[in-house]
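Included below are structure tokens for two forms of one protein chain, each presented in isolation as structure 1 and structure 2.
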Structure 1
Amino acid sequence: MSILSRCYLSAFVIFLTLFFSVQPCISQDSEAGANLFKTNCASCHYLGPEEKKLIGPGLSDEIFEEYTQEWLYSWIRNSSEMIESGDKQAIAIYEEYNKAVMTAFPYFSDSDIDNILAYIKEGPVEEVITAVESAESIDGSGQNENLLYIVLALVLFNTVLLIYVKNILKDAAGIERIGFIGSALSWLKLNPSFIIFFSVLVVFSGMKGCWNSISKIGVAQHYQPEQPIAFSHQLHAGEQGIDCNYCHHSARESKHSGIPSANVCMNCHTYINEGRSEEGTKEINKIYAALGFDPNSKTYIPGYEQKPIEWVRIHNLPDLAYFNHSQHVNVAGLDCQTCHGPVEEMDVAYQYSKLTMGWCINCHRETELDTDNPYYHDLHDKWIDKYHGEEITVDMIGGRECAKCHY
């Protein structure tokens, strides 16, 4: 081999060595990585410098300087195995973070881990939160009712003004004034059509008011009760990016989304003992008081009689209505915000939507069916043949049948 060929070969080897040691081969699908990170990692790790600790260290592009790609694969899939094998870096992390064992993710593929690393490499992105219009402003019933009352008031005002002007004209012409009440009665006798119109207006206004009052019975929109612990969804789901399904994991598997047990809280607050303010620390201490946990020794008090945290339920459908969370989350693929509104912006949670039958049916009328979903097996082919390729919505496959929700 010539000297020139050897030089080219050496340069190529050096390039490969530098590329793979300094710059890991990472997939650029950071959006998929963001979803995986928020679902699996955000409950224990901030996206930021290592000093920004949660349960584990903050994660930034600094990890690529400290650890190789192969090491990160092994650590993410099974950190306990690495600690038991005597890996010095794994043991160092284990000792530094109070011997807290990181959750194993053996089901993560190489591409999944690459996507997460790509998201970490990009670092935190400043998100502009757009204010969401409240359901109250979207609902036009209140505006229609106000318009009716305005029309009624204008009619009365114009009638009084007309009688007043006529009396002034009589005074100017030297005609004896009968009096306001007398003039009004006289004018009404001469204008029976107005009496009919006004009576109809009053009757319909009363009926509209009664209908609106009846329609609000059982509707708890904007219900915002005080909770035993001031839990902020804005802090946890918004700023920290914890996935809703981490706490409400049963939403994927059962009818109810479930109220998280205190053990779920302790997954993080075993190590996070202080809030951002004195008030925040007091709220965390309420969890410890319920469970009998000593934050100093990080142990549970023996023989302590634990007390339930009496959370106040916000969303409560009547017994006559059946709703299955898992069907809407897994099959329909709905985001939590579809029904619960911008929860990640709520410091104090409240009922965002009406959750009335009409509200549900309108959603079924407007939501297009994902015919590629394997849940429907071979039914989608029949639907496509039946509707000749037109847009298939939920109501077209039985989404308006009474027995679907009432049985």
Structure 2
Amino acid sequence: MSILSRCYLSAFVIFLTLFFSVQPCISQDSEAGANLFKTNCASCHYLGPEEKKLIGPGLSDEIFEEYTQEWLYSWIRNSSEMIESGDKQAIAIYEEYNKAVMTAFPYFSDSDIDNILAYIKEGPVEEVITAVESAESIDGSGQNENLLYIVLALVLFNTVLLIYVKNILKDAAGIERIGFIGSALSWLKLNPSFIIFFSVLVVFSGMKGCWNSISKIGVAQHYQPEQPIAFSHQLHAGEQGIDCNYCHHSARESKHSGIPSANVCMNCHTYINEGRSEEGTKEINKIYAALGFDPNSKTYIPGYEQKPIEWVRIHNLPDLAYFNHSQHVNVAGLDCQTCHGPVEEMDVAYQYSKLTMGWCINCHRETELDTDNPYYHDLHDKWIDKYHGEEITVDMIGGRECAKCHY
């Protein structure tokens, strides 16, 4: 091996090692904290200002002004113990929250608590993102792109390094050097394979970008975001047999199907205060928290500022496409399940179909028109005449015309 390639190789290895060892430690603490917080605290605490109440107060960096580190450690490990020991601050917050008892976490290590506190300190990262964006990040295509940039950066870095080292060696040997750009060009001339490699990479990454944007909606298939309340269709629409229309009645009458407001939930949950488990009861309590309802006295707290439950949207066509529920549910007489799959078996709802243009058009090609329905009588008679009684599919009446689906 020549001196040159040895220099080159060791620099490459050093760079790689540095790169990968620095990477993971950037946000480890608050990431571990985020997981701990979500599994242990999020059912009772929002991340945010104290007024943003759930079962307990919202948690933000305010708590570090109010309490010492030590106080927080003991509180999180066992708040009841502190209250019994007569700690003034502990009693005050306990009274303020109507003596609701916070779960104890005696098994948490110091570093567990440090991580959670680091996460609280950092505050919420914007979590209400659109369905399509988050589906992409779930899909992991973002990560692949990062990898591509890393490879590109590495290639560039190495080229510059190579030229630099070569120049130093030339200096040492007393050979005249021809400037940075000049030597870069002459190096490239001697190494045409590099140009090919580089161009292929660029073209490939460009193509991948295009592909991602075209297939955006398809990527969202199986998208299953975590919802603010663990509402189960399996329990409500399946086991309890509640009709889809009870909650999504506008699917029959309008373009949108809509998500029921918390008041619809209260038709039943005014009386059903308990879930199947402690977890279930906590989830039901979140409906009350949104509306300011006190399940013990069965009254609404006067002057409470009600806030809508922020369900995360699952299905989302791009604006350029027009889709109308009533046309499909009412006029065509299709079951919800044809497009949404076995929703009554889903504990957590997800997107069942692709929702791509190809998906819409395929169905229009294959599906026969229901000419017995009470809508469009005259039109139907006209079509039956026109096609002499052969089966009429949606595309025969224009279900493949661009303007029907695109404004």
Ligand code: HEC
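The term rigid core refers to the most C-alpha atoms you can superpose between the two forms while keeping them within 1.5 Å. If you're wondering where the values come from, they're calculated on a predicted model, not measured in any experiment. Residue numbering: sequential along structure 1, first residue numbered 1.
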With both forms of the chain shown on their own, indicate which is the form predicted in complex with this ligand.
2
Core aligned, does the CA of Glu81 move at least 2 Å between structures 1 and 2?
yes
Shift of Phe197 between structures 1 and 2 at or above 2 Å (CA, core fit):
yes
Does Tyr352 move appreciably between structures 1 and 2, meaning a CA displacement of 2 Å or more on the superposed rigid core?
no
